[in-house]
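Shown here is one chain on its own, the form predicted alone, set out as structure tokens.
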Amino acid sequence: MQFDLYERPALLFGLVFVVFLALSSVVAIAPALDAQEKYEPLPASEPLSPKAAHGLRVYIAEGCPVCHTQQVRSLAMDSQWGRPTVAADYARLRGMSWWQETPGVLGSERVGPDLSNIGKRQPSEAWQLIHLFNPRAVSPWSVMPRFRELFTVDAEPPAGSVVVPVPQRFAPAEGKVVATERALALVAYLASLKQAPLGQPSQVNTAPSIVTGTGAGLYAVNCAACHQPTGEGVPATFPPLKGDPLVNAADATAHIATVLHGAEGRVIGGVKYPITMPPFGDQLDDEQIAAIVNHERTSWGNHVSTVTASDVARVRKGAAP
């Protein structure tokens, strides 16, 4: 009786399965294990806190890698997101349990911005929570879905809860938006996404970029999420730069200092803005800060004198320009 493999499905599929395992081991599993053994975390990187580790699970469960990457390519168009990614950036990632593989945070689609360095670009917890509740509240043309399941609406939020300062236009008619533990964990994970420098920890990211080398490009990446591309801000949430007295002051010292060192709780036009503006002096050099300041001082109808990198350097040292 002639042996015919195709007439014995159990043997056929068993053979295919063995070949599949062998190929997977050679092409995927072995290289991954080798990479984990070979690459050490960068000296300035930090392990995830328990809260951020919980946030990573939320990040995966909510499907964030479907639209967002964490891999900055060695292309000029990618340099707005940070320095090019290296293998050591992923050295701290491990399987989420004994039966789960290492989370696939690299992503392949670029529907949304790369998140490799989002913890430095947008460290505001309030902004991140508003963005998760309704992305259109801070980015009018965003196609990102709302993650309402990460929030509750309470008429009287419990003591100690985090109330999200959603702009009035997007806030519920009754009650206040309260962040759940899953929302706070996810934001903690996003805040942890900070590219460690390849050189000295204090090294400023000065990678050249044809995209962010201009004031408009730098503003788009670092400032527009809050202050909006139009410079009009978000009412009662993020202050406008269009017509702002500080931006239009003849003496640019306060304007430069704000971009360098950040701000909190300022009253502008009779409105108090409670959300903290992060400092940018630790991630942008003097020339880049000057480019942003000059863009703000000469856009949206603002028209005052510009500053130089030397002016920024003097303010950074605590002197007037």
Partner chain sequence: MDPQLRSKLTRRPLAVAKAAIDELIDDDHGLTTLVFAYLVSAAWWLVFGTLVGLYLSLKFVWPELDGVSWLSFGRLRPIHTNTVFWGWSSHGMVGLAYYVVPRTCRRRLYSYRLGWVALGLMSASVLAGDLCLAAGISNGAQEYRELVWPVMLMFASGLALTLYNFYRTVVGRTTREIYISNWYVLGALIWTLTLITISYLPFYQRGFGETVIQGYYMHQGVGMWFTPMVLGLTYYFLPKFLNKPIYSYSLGVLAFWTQMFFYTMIGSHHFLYSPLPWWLQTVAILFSIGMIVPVVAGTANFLLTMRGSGHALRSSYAVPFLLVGVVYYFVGSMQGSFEALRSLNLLWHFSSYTVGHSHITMYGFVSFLIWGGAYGLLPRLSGREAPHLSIGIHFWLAFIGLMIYGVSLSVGGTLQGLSWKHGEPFQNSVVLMAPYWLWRAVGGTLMFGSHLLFGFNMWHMLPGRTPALPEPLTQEPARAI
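Numbering follows the first chain given and starts at 1. These numbers were taken from a predicted model, which means no experiment stands behind them.
There is another form of the same protein, the form predicted together with its partner chain; it is not shown, and what comes next is about it.
Proximity of Thr69 to its partner chain in the model of the complex: non-hydrogen atoms within 4.5 Å are present. Interface residue remark: Asp251 is not counted as part of the site for its partner chain in the model of the complex, having no heavy atom within 4.5 Å. Using a 4.5 angstroms threshold between heavy atoms, Cys223 stays clear of its partner chain in the model of the complex.
Interface residue remark: Val304 is not counted as part of the site for its partner chain in the model of the complex, having no heavy atom within 4.5 Å. Only one segment in the set 183-191, 157-165, 81-89, 238-246 has any non-hydrogen atom within 4.5 angstroms of its partner chain in the model of the complex, and it is 81-89. In terms of contact with its partner chain in the model of the complex, the residue from Leu48, Val271, Ala32, Ala44 that brings a heavy atom within 4.5 Å is Ala32. Shown without its partner, the chain has Phe20, Leu21, Leu23, Ser24, Val26, Val27, Ala28, Ile29, Pro31, Ala32, Leu33 in segment 20-34 as residues with a non-hydrogen atom within 4.5 angstroms of its partner chain in the model of the complex.
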